[in-house]
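Take a look at this one chain, the form predicted alone, written out in structure tokens.
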């Protein structure tokens, strides 16, 4: 499974949503299930799954599924 798909599945699972409803554009501000507590769970699950640690200064930019997937790629390539 590729990064985009795995991140999408993690977000769907943490938010309790049907994965078919979660797209790269799914964002915290547009999804009532995606609150600050769930954000912490999403970040933790994504970092754990991919064995990465997101830089603290980037955390506030990770507000969509696509942004999370892009950050995984960025950190893994560094």
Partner chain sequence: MSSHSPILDAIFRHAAETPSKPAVVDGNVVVTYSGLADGIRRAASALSGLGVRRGDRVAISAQKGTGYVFFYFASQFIGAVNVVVDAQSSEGRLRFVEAKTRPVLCLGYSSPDVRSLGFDEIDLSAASAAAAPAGEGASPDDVAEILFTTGTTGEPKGVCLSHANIFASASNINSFIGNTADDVEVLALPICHSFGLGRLRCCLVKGATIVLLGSFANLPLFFRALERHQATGFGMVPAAWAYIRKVSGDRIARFAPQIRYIEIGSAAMPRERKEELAKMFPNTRICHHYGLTEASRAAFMEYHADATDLNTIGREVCAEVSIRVFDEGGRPQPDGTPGEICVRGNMVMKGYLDRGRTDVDFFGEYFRTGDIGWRSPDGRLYLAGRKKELINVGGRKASPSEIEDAAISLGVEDCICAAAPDPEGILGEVPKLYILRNGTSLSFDELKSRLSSILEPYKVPVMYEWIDVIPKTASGKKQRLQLSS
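Residue numbers count along the first chain shown, from 1. As the structure is a computational prediction, the values presented were derived from the model and not from experiment.
Just so it is clear, the following notes concern the form predicted together with the partner chain, a form of the same protein that is not shown.
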Would you please decide whether residue 52 lies within 4.5 angstroms of the partner chain in the predicted bound form, comparing each non-hydrogen atom pair?
no
Given that the partner is absent here, does residue 21 sit within 4.5 Å of the partner chain in the predicted bound form, heavy atoms only?
no
Is there any non-hydrogen atom of residue 63 lying within 4.5 Å of the partner chain in the predicted bound form?
yes
Applying a 4.5 angstroms cut-off on non-hydrogen atoms, the residues of 31-56 near the partner chain in the predicted bound form are 32, 33, 34, 35, 36, 37, 38, 39, 40, 44, 56
